[in-house]
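Quick setup: one chain, the form predicted alone, written in structure tokens, and binding and motion questions come after.
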């Protein structure tokens, strides 16, 4: 018997980002730096996951901190906390919360791709023995993490799972698939270390970290794409998916 998410949509519907339409133009984002950490979490996160999606087994989250030096709205940084899941048989990262470093990026990410993003301060720094990131909001640190002891690997050793955001489009709740492309130029893997995580600041109050899984960092050319698929958040995706283009 497959498991599904248990999110009560009515409890969060009023706070969802509102997309202006589904005709989003793609952004080309060259020379991005991506730091990604994965951690297992304690059971009980299914209540955060829309009913259309299956929870990952074991349950886990990914932290993704990205520096975009070039974009249509200028340089900006983006941090995400994603609860990992499946849409049918396909792995997906459901975005619980996000922070961006510039007001113009916040507005565009909410309106064009439905990210539940808020403004904040993000730092991403490389040292000889680690790559570290910190996110601050309203004067307090809400995330601090690092990849420790990086070792160079092939870009083919990394996998970036497509994201899913929960939004309002024309007043109705929809799941939006965000599926960037990646051309990797440099990649490293190492040990994951999360020294501070404030779940409530990421719409993730029930997320309790248990065991680090992996950490990676890369330099790549990527994008934020046109919207290709939308899903009914209350219906299994095999029946509730609609192709936009």
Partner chain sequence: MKFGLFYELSVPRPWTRESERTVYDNALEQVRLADELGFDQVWAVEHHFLEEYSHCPAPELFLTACAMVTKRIRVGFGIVVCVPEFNHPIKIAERTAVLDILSGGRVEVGTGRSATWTELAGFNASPDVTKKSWDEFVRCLPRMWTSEKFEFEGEFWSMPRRTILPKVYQRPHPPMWVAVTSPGTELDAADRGLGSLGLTFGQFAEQDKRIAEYRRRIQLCEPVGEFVNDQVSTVNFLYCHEDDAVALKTGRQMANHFNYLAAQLISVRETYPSKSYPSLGLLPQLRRQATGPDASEQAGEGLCLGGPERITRALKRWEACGVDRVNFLVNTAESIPQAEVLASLRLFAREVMPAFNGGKS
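Positions refer to the first chain, counted from 1. For clarity, every value in this text was computed on a predicted model and none was experimentally measured.
The same protein also exists as the form predicted together with the partner chain; that form is not shown, yet it is the one meant from here on.
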item	value
Which of 104-112, 154-162, 168-176, 71-79 lines the interface with the partner chain in the model of the complex (heavy atom within 4.5 Å)	154-162
Residue contact check: residue 86 to the partner chain in the model of the complex, 4.5 Å heavy atom	yes
Contact flag, residue 186 vs the partner chain in the model of the complex, heavy atom cut 4.5 Å	no
The partner chain contact at residue 206 in the model of the complex, heavy atom, 4.5 Å	no
The partner chain contact in the model of the complex: residue 91, any heavy atom under 4.5 Å	yes
All of 41, 131 and 194 within 4.5 Å of the partner chain in the model of the complex, heavy atom check	no
In the model of the complex, the one of 32, 201, 56, 48 near the partner chain [non-hydrogen atom within 4.5 angstroms]	56
Neighbours of the partner chain in the model of the complex among 104-123 [non-hydrogen atom within 4.5 angstroms]	none
